[in-house]
Ligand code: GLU
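Taking the form predicted on its own, here's one chain by itself in structure tokens.
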């Protein structure tokens, strides 16, 4: 059985780009009679500052139902700890004391290998530290993150829309210096634990997929089918956000636009509806067409 999911961070209200991705994920699963799950990626947001209730309300208003209870990453830290224990015990990690600024500066240095990436690609500064060198860094008060010893392994992944990508995997962080599991580790552990077979998400995450697939292989976890969908941008060409004005369901409701009109506008942005058309979720599902997704991002002008 196909199982899809939508996994937002509950740090703020869902904007129209989030909602369009959620609708596409829901359609991809429901179009083949599959299950659809909602997971809150709240490891870094804190349970006290959550927009979970509002996000779930917006999904329901659009008719995007989900199966089973909502899962929260903050309640699953034991699973991440077990995965980290396995990676550490297998010699697949090392301690990294570098700050983000130091990583950026080292990656941009003239002596660096241009083929090893752009800003933020880790140059391996801490990969070969001795025990005494690690002790010296700890003595200064620095706490280490844990990085995956990926050794620039080439990983090939396939996406239903984006095609095939073969890329070397960077030594990504799998556990932050504060002890919180990093996104890449948490997401692969969660997808496997929830038996997710289909991942639909924004195509800004497509380049990071090889790293997640490598983690799946190292942890003995299955690789789901991927579908990375186009983003929604604001008029300035940047990813849609609150700064672009009325971009949430609540904003549009206050302006007199009901959920059906919003869903119709989202469908129109994909070329699946006429401007001003009112749709419900079942009608959107009937028009769902992976091959008909636009080749690039959509600019939302309101």
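Numbering follows the first chain given and starts at 1. What you see is a predicted model; the values in this text were computed from it and never measured.
This next part talks about the form predicted together with ligand GLU, which is not shown.
Peer 1: Decide yes or no: are 36, 59 and 63 jointly within 4.5 Å of ligand GLU in the predicted bound form, with each residue judged by its heavy atoms?
Peer 2: Verified in the predicted bound form; spot residues all out of contact, no.
Peer 1: Among 193, 143, 82, 205, which has at least one heavy atom within 4.5 Å of ligand GLU in the predicted bound form?
Peer 2: Spelling it out, the residue with a heavy atom inside the cut-off is 205.
Peer 1: Counting non-hydrogen atoms within 4.5 angstroms of ligand GLU in the predicted bound form, say which of 174, 232, 213, 187 makes the cut.
Peer 2: Of the candidates 174, 232, 213, 187, 187 is the one lying within 4.5 Å of ligand GLU in the predicted bound form.
Peer 1: If you check in the predicted bound form, is residue 51 within 4.5 Å of ligand GLU, heavy atoms only?
Peer 2: So residue 51 does not count as contacting ligand GLU.
Peer 1: Can you check whether residue 97 is within 4.5 Å of ligand GLU in the predicted bound form, heavy atom basis?
Peer 2: Judged by the heavy-atom cut-off of 4.5 Å, residue 97 is well away from ligand GLU in the predicted bound form.
Peer 1: Considering only heavy atoms, tell me if residue 104 and ligand GLU come within 4.5 Å of each other in the predicted bound form.
Peer 2: Because no heavy atom of residue 104 falls inside 4.5 Å of ligand GLU in the predicted bound form, the answer is no.
Peer 1: May I ask you to state whether residue 277 is within 4.5 Å of ligand GLU in the predicted bound form, using heavy atom distances?
Peer 2: No.
Peer 1: Ligand GLU isn't shown here, but in the predicted bound form, which of 84 to 92, 148 to 156, 125 to 133, 179 to 187 has heavy atoms within 4.5 Å of it?
Peer 2: Contact criterion met by 179 to 187 only.
Peer 1: Going by ligand GLU in the predicted bound form, which residues of 1 to 26 come within 4.5 Å of it through any heavy atom?
Peer 2: The stretch 1 to 26, when checked against ligand GLU in the predicted bound form, contributes 5, 7, 8, 9 at the 4.5 Å heavy-atom cut-off.
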